[in-house]
Ligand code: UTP
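This document starts with one chain, in the form predicted alone, laid out as structure tokens.
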Amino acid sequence: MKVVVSIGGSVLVPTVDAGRVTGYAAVLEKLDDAGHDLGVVVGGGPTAREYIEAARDLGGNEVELDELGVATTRLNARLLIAALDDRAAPAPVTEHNRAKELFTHGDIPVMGGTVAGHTTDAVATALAEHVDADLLVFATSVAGVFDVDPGQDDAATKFESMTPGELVDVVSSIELAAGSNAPVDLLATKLLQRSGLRAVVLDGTEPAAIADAVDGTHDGTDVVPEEP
């Protein structure tokens, strides 16, 4: 199976911890050994936010702030690459075409951000579409997709399954609420809607959850394309 995994920076690197990164690498290695073709995209997490906030205070514009975020995602990607040894390409992949080539040759492309304005959620979704992945896994810091932001409303209800169109509606409503955090950003959900990909959104704070998503035994939210 062809699988693209988007690992949030707050999941992989809440703080810089070699042991935690090794745990995610071990799960990816097991999936690789099982014959799955893998691509991975890593987010920036708290470190990116710290740099962005400092740069904003220093007068940086939004493009400059985005570029700082991209640079941080690539630092986090390098940590995962180091843990994967020779299974991964030796440096963060910055172009989707190159990532697809590595996919074809059995290497694991590890990407961070690409350009200003594109989140790593969107990068991962575009990669999954480009390689015609069987599954896209969003390993986030929340348990799945809820009808409202669970951080803002204790009565939030989790979806067990939903269509990409329903995900777009939910994410749109959450992103409009000040201070709320959507599990997947709106651009990524729009790309998911057009691609017809199958996806899982889950709590990835434990590395084994990624393997559970691939096995179909996860506790997150399935995003299943509508029947034609």
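Owing to the predicted nature of the structure, the values given are computational and were not obtained by experimental measurement. So that there is no doubt, residue numbering starts at 1 and follows the sequence shown.
Here the subject shifts to the form predicted together with the ligand, a form of this protein not shown in this document.
| task | Could you tell me which one of Leu197, Ile174, Val70, Leu202 places a heavy atom within 4.5 Å of the ligand in the predicted complex? | result | When the ligand is considered in the predicted complex, the option within 4.5 Å is Val70.
| query | Among Lys190, Lys30, Arg49, His36, which has any heavy atom within 4.5 Å of the ligand in the predicted complex? | reply | The option sitting close enough to the partner is Arg49.
| Though only this chain appears here, would Ser10 touch the ligand in the predicted complex if you measure heavy atom gaps against 4.5 Å? | Heavy-atom contact with the ligand at 4.5 Å: present for Ser10.
| request: Please run the contact check for Thr125 against the ligand in the predicted complex: heavy atoms, 4.5 angstroms, yes or no? | output: No, Thr125 sits far enough from the ligand in the predicted complex that none of its heavy atoms falls within 4.5 Å.
| Pro164: heavy atom within 4.5 Å of the ligand in the predicted complex? | No, no contact at 4.5 Å.
| Non-hydrogen atom contact Gly151 with the ligand in the predicted complex at 4.5 angstroms | Result no; Gly151 lies far from the ligand in the predicted complex.
| Triple contact flag Gly43, Gly113 and His118 to the ligand in the predicted complex, non-hydrogen atom at 4.5 angstroms | Yes, the whole candidate spot contacts the ligand.
| field | Location of the ligand contact in the predicted complex, chosen stretch of 151-159, 101-109, 70-78, 125-133 [non-hydrogen atom, 4.5 Å] | value | Stretch 70-78 is the one.
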